[in-house]
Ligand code: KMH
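Only one chain is included here, represented as structure tokens and corresponding to the form predicted on its own.
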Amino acid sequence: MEKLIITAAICGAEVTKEQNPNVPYTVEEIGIQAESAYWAGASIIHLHVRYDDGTPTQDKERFRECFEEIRSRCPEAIILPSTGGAIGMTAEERLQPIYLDPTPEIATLDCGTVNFGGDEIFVNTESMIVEFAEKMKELEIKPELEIFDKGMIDTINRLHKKGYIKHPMHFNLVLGVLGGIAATTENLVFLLNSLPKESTYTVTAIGRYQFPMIAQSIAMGGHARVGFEDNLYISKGILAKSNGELVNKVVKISEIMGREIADPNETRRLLQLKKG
């Protein structure tokens, strides 16, 4: 079995210091949390950025500052910027971080619209998906395909046949998001059976489902994402002190299950990334 790739989603766009005081907002805080995750075993840092008051932004300059801060602390880390941003942002806003110099090696590409509850709708029309895919292809950025439900895999398979996304594809299977597919073993297997051959995949699960679903991904040959974006607790009722603490728990689970952890260069090989 291939080595395990660990992604750390260190802050997201929605979680706050009121929920966990260790959630990073400032450039320095983001750098500290990325470093903690990297040295614990994460080779990929999934990056949203905030202003100092916690407001989510896709501002290119803010991303540049955070990229530089992370690289100064862990230069070999793979930084995976979000093009999801936050609800209500335009496609133009969301795409800003792919235009950094050097170009990111990999970036998220959300593969369908999701009802996040109440009046919150995370809009990703097919035209937007195609636009994002074409721009990433032009810049030689590998898309991490964000999947919240089975139909999104079908959409990507269809767009692949039209040439918008090329093999080998890398999927992030997100389970347990409000409005998306529930975090169950049956649903994970259902999604995996729909993936095209030669694909790689990471499993993301929200809240208390994070570690049980990650353990199943490890057993089945998939990869793992942890971090404050998805889960603020190291165990029931106990807030995590850092993203590194969450990553370390995944490392321990993987060691128990007999699977080694991939370093950044091994991750680049497994995902066939072009280093920026």
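All figures in this text were calculated on a predicted structure; none of them were measured in a lab. One-based numbering along the sequence shown.
The next section is about a form of this same protein that is not shown, the form predicted in complex with ligand KMH.
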Does the trio Ala13, His46 and Ser82 actually contact ligand KMH in the model of the complex, every residue with a heavy atom within 4.5 Å? yes
Can you work out which of Ile87, Ala182, Ala91, Val130 has a heavy atom no more than 4.5 Å from ligand KMH in the model of the complex? Ile87
Note: ligand KMH not shown here; in the model of the complex, the stretch from 108-116, 68-76, 160-168, 193-201 having heavy atoms within 4.5 Å of it is 108-116
Do any residues of 127-147 have a non-hydrogen atom within 4.5 angstroms of ligand KMH in the model of the complex? If so, which ones, in sequence order? Glu146
